[in-house]
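Heads up, the chain below is alone and in the form predicted on its own; it's given as structure tokens.
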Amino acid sequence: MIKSPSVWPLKQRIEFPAVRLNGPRILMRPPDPVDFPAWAALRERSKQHLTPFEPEWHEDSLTRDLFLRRIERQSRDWKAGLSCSFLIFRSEDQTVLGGMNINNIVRGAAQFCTLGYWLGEEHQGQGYMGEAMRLTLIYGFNTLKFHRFNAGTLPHNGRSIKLLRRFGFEEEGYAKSYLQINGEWQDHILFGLTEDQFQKSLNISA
């Protein structure tokens, strides 16, 4: 007897706002179910590179069911004002390059969020994440009206540290056992960037 493939029942339609962030070589937009094959293929090729810097991968990490559950949650959180999730594409051929997430949005007297990002191994060192970071910060400060961005990175993640400092992020602390990465609680360096600091970094790089 042939079993029917399991399909995870979606609790709601996956709906994102029509947000597009366009840069010189990349565009960023919310994920869509049609992105699954390219997303999964890139993550599979980059697995050895990404796993030391991400929460532990499981057997279903690259399945369509998990991808749909992920973007359903991201859709729900965007609608609730809790986060904004983007995939990063190369403009010329729509190749998926990585992802950028604006997480833990806090309003009221705080007006801040936390950044999370990843880039496929084959696309490292070509300036794509720098473009994505610039677009995200401009969108966050100008459109979403944040006062500050927070970010945390592993002490040995030199690329991430260099990226944050390039855009004016300043080291603000050191958190022991901050996040569970690759199955272990690991220390992180904490960075912060206010709108004023970002504007100064733009003037310096202009």
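What you see is a predicted model, and the numbers here were worked out from it, not measured in a lab. Heads up: residue numbers just count along the shown sequence, starting at 1.
Below: the form predicted in complex with a small molecule, not depicted.
Out of 137-145, 47-55, 168-176, 61-69, where are the residues with a heavy atom within 4.5 Å of the small molecule in the predicted complex? Careful reading of the contacts points to 47-55.
Run the contact test on Arg25, Gly125 and Leu163 with a 4.5 Å heavy atom cut-off to the small molecule in the predicted complex and return yes or no. All of them do, each having a heavy atom within 4.5 Å of the partner.
Check whether Gly152 has any heavy atom within 4.5 Å of a heavy atom of the small molecule in the predicted complex, and answer yes or no. Yes - in the predicted complex, heavy atoms of Gly152 and the small molecule come within 4.5 Å of each other.
Using heavy atoms and a 4.5 Å limit, would one call His156 a contact residue for the small molecule in the predicted complex? Because no heavy atom of His156 falls inside 4.5 Å of the small molecule in the predicted complex, the answer is no.
Would Trp78 count as a contact of the small molecule in the predicted complex, using a 4.5 angstroms cut-off between non-hydrogen atoms? Looking in the predicted complex, residue contacts with the small molecule do not include Trp78, since no heavy atom lies within 4.5 Å.
4.5 angstroms heavy atom contact with the small molecule in the predicted complex for Phe112: Answer no; every heavy atom of Phe112 is more than 4.5 Å from the small molecule in the predicted complex.
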